[in-house]
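Let's start with one chain on its own, the form predicted on its own, as structure tokens.
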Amino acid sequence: MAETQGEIKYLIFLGCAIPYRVSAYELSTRKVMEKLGVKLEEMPEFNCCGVPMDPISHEMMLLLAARNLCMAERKGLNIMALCPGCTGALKKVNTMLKNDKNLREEINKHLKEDGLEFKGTIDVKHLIQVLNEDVGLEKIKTLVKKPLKGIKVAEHNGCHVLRPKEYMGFDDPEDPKILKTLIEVTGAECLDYMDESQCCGAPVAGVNDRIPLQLTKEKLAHIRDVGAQALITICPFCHMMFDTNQIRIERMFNEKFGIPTLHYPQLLGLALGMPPEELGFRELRVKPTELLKQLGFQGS
């Protein structure tokens, strides 16, 4: 992380899916981080994080991730990623190459063809890790202009932001606290629910889509049972399962949920006093109309 006279600066790694399928996640993140004093620099040379190539070609995954890391090293800035899968791949490869001299030398032989060399001089963090560790809860509290009192939500961390623990390492995968704490900083209440750490099913959607839709349906039922007004996510693919696919799930299983799914920076943005239209709320498939009315945003 580059920091000058209190300035926090990161390269933002968007990955492949976010700009095209959940652009509100990117938009709300940029708006919120600007408000919090975090400068995000672009990383136009980035390529895929490598996750889709593993385990088809483990070496290709290593090379794709290593190239991104080298791009960041050239700029002398740490990476902030929004997608847990991207974060996990970059964190894992960064750790592997820093700790394994033989692997580093082998990867650097290939990188040399592109004029690159992995040196191990930068770190990778997910958005919520930056908010928790670099911005800090106290600073966020001081900037909250519109506490979300009376709002009850549930959270879904997803799998990759927490696991494998030896590479992610910033929260407990069995009892995660950071996202809940960040939600509560906004003034909203974060409710516990059954099977909270259960996967949404997105990783197997390309093989058999009924299985992930069933898993998501079960989670939505548990979230509905505790009376949550919205679900908060920090992963583009989890968000698509709960928001994009919710109406399809309702039809398939003859259920009714109507649970809006917000990206965490959208929730935080509301608490910071930003209007919904600046945070990409129109992109949401399940509209949080009642929630926004309760907060005094009419016609949103």
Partner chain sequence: MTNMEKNVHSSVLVVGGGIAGIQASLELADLGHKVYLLDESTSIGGSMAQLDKIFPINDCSICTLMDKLTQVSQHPNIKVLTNAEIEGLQGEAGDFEVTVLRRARYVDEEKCNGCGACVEKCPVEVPDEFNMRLSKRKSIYIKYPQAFPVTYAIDMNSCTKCGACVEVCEYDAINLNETEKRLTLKVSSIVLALGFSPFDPKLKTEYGYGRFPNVVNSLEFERILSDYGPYNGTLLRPYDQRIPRKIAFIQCVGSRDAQLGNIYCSSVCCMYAIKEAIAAKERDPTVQCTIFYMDIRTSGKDYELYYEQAKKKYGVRFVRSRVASVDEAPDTHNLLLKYVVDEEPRTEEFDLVVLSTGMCPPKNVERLAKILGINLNKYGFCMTKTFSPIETSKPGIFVCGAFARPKDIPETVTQASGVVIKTARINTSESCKQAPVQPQVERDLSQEEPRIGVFLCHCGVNISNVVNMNELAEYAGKLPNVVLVEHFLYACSRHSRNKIAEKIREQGLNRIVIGGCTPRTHEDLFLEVMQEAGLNVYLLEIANLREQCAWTHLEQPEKATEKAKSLVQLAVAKAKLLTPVLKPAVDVIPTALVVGGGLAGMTAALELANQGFEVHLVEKSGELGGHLRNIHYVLGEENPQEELKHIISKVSSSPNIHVYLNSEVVAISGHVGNFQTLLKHKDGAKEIRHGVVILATGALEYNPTEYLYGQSSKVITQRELEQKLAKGEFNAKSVVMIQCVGARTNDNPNCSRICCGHSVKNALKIKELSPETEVYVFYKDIRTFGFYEDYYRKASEKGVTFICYEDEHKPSVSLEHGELKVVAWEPVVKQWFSLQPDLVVLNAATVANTDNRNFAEMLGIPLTQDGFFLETKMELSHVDTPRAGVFICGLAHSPKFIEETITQAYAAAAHAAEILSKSRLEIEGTVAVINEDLCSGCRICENLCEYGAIKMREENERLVAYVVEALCKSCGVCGAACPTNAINLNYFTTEQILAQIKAALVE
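Numbering follows the first chain given and starts at 1. Predicted model only: the values in this text are computed from it and were never measured.
Note that the form predicted together with the partner chain isn't included here; everything after this is about it.
Heavy atoms of residue 165 reach within 4.5 Å of the partner chain in the predicted bound form, making it an interface residue. Residue contact with the partner chain in the predicted bound form: residue 133 places no heavy atom within 4.5 Å of it. Put simply, residue 174 is close to the partner chain in the predicted bound form: some heavy atom of it is within 4.5 Å. At a distance threshold of 4.5 angstroms between non-hydrogen atoms, residue 195 is in contact with the partner chain in the predicted bound form. Comparing 125-133, 181-189, 149-157, 166-174 against the partner chain in the predicted bound form, the single stretch with non-hydrogen atoms within 4.5 angstroms of it is 166-174. Along 211-231, a single residue, 226, places a heavy atom within 4.5 Å of the partner chain in the predicted bound form.
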